[in-house]
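In the form predicted alone, a lone chain appears below as structure tokens.
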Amino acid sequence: MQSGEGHGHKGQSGQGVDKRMKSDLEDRQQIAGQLSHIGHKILVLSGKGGVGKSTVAANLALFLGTQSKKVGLLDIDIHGPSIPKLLGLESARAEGSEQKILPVSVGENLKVMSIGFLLDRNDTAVIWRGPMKYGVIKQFLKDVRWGDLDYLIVDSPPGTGDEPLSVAQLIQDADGAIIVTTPQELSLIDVRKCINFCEKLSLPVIGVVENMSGFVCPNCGARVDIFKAGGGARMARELHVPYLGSIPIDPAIVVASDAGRPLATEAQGSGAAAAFAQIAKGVLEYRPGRAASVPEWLRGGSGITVKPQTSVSETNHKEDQMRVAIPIVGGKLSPHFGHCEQFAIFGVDKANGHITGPEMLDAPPHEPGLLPRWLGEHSVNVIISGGMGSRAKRLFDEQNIEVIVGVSSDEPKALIEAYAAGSLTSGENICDH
């Protein structure tokens, strides 16, 4: 009798498991059907909190909308939803029934959904364990009526816990993830974990974004790297994932975010707005297996190849792989090294002439001794320059960075091709002081 009761209890339990599995399978099929009307699905992740991930997600969605793209923005931060505040939607509430939820519209091209739209008050604490959070994320993906979209941007909470894991597993055909970091090493350690998370889930990394990357004083124009600089780009290079760009510390972001007004329209002329626009451009150009945001002058039948994303485990260091920096002003080689606005940094494999990049970086302040150290931190070992002072050249020699001077001003594409082919010509140093 006891044995029979035991078998009966086990059978009922097994039936319950089968029923739950069948229900979950049906939910996943409905999610796939719902998301089939969306062209691209992108997760925005961060290894730790406080790096501005939600700000990046919101402004990326807004800038994509300015390019006439139909965009959905899904906030799955259950415990601390920021999207309603960032977009001035704190009083908005979602409408619909148990089988259909209508997202909140912002202008013509953006639809938004957040747990914040389902709460009675904005300061209500959501105290849920994993299964509850999984259920509401599944409901957002299954029951929200997005309609036809070009992009769905998913703002995930920081870390690699329940929410990002759930959405990564439920969206079977996601394009990939954008990972947001700040330059300091503490943040970069967590980003490495985030990249490892993506690798284990076979989720492509579309690119790394470095937020809070230097502050430019609005009064004197001096740049201060409050949280260091270039860490995100260096880490992306080491782990062989694309780098989408850096966003400066800009008071315009704080003003726009606190006011709930889009930076895309609120501060179009700011450095931050320009950075977001460039990152959005990189996302628009992204294709699996190719780095995003490749400048126009680097495309075409030039023989230059852009390094595709590879596994973290495939890092390969060779002595004949060079990192070449070209100082840029007005889109061409700067005749005077100290007057450049940007650096185009290329990888060159001297064994086969293959070129990767460029990685475009804004020049740091031209303070004595800073540039050699800064370029050294970016693993540069060759500089192509029009002219450079003798003292500066000595400092680069101390960093074991080769300097080629007396090169005629030209587009970076032509210069790096000539360098890779061994035909780059140099002449008199026009700035030897």
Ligand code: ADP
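Start at 1 and count along the sequence shown; that's the residue number. Everything numeric here is computed off the predicted structure, so don't read it as measured data.
This next part talks about the form predicted in complex with the ligand, which is not shown.
In the model of the complex, at least one heavy atom of T55 sits within 4.5 Å of the ligand. Interface membership of P248, defined by any non-hydrogen atom within 4.5 Å of the ligand in the model of the complex, is confirmed. Although the partner is absent here, A168 is not a contact residue: none of its heavy atoms lies within 4.5 angstroms of the ligand in the model of the complex.
For S114, no non-hydrogen atom is located within 4.5 Å of the ligand in the model of the complex, even though that partner is not displayed. From the list 371 to 379, 396 to 404, 23 to 31, 42 to 50, the contact stretch for the ligand in the model of the complex under a 4.5 Å heavy atom rule is 42 to 50. Note on contacts: among A344, A275, A174, I253, the single residue with a heavy atom within 4.5 Å of the ligand in the model of the complex is I253. This chain lacks the partner; the member of Q321, Q184, T356, S82 within 4.5 angstroms of the ligand in the model of the complex by a non-hydrogen atom is S82.
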